[in-house]
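In structure tokens, the next block holds one chain alone, the form predicted on its own.
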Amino acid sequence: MEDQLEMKSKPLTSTTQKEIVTVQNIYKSFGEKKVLQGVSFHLKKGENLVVLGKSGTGKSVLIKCLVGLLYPDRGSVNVLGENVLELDPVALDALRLKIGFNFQNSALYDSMTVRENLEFPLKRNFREMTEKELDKAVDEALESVGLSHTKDLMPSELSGGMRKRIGIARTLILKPEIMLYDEPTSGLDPVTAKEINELIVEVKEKYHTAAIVITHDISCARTTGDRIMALAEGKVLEAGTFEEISKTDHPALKAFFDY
């Protein structure tokens, strides 16, 4: 079990730059409200892709389609070589174990200590783990986010930034190949937001994960994104590096850089 859960530490090579997420021309509506209108993109192994846009542009709906929490009305979604739209529940659960989803509110259980929050996904998915293995996994995850001293604290005793970090640690503990961050800096002061942005970059470099970062925060996009994809009204406006999209003349996107 320790070998199964051992952190990945091999350096990236050119062979790792393959597409591990490919979304083709997906549409999603809720009644008459059109949320996604022909969105296509890819994510390569070892990169952070930022999906930038105002609230209500379909960003969160997009990543929910990646993990089968929602299904597009049409189009295709391929994640880690799997056609998400054709997976049965068992196969979908197996795929989700390889994808870490960081919710906007950190989604910690208030009645559990930090240690218990981190142990929970391990006990649910790896029931044969010993107490020693659980302790080691929890210690490694907390160390990775710089919060080893919080192990026996309750979520109510943590600041907003600390809760965000613990949420990331709980996701990392399952050693995912892809991280999904939903508005990771929402509700944080500028100093704490900067620390979370830097942590997202550190996670990629240390664990060689790929990530999709959903945000409306231009500072988050600048710091965390290898590439930026800008959404507005359910469509992709621009895609490229931060420097490339910062030169856009599109009014809906230009407002981010003029703020």
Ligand SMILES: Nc1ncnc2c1ncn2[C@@H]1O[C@H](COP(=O)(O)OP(=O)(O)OP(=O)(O)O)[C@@H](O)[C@H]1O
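The first residue of the sequence shown is number 1, and the count goes up from there. The structure displayed is predicted, hence computed values, not measured ones.
Keep in mind that the form predicted in complex with the named molecule is missing from the display, and what follows is about it.
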Worksheet item: Is every one of F30, G56 and E183 in contact with the named molecule in the predicted complex, taking contact as a heavy atom within 4.5 Å?
Response: yes
Discussion item. Contact with the named molecule in the predicted complex for K204, defined as at least one heavy atom pair within 4.5 Å: yes or no?
Written reply: no
Worksheet item: Does Q104 reach the named molecule in the predicted complex if we count a contact as any heavy atom within 4.5 Å?
Response: yes
Discussion item. I'd like to check something about S60: if you look in the predicted complex, is any of its heavy atoms closer than or equal to 4.5 Å to a heavy atom of the named molecule?
Written reply: yes
Discussion item. Within 4.5 Å, heavy atoms only: does L49 come near the named molecule in the predicted complex?
Written reply: no
Practice prompt. Select from the listed residues A232, V35, A193, A221 the one whose heavy atoms reach within 4.5 Å of the named molecule in the predicted complex.
Written response: V35
Discussion item. Just to confirm the contact call: exactly one of 40-48, 194-202, 222-230, 60-68 touches the named molecule in the predicted complex at a 4.5 Å heavy atom cutoff, so which is it?
Written reply: 60-68
Worksheet entry | Sequence-ordered residues of 206-229 touching the named molecule in the predicted complex, heavy atom within 4.5 Å | H216
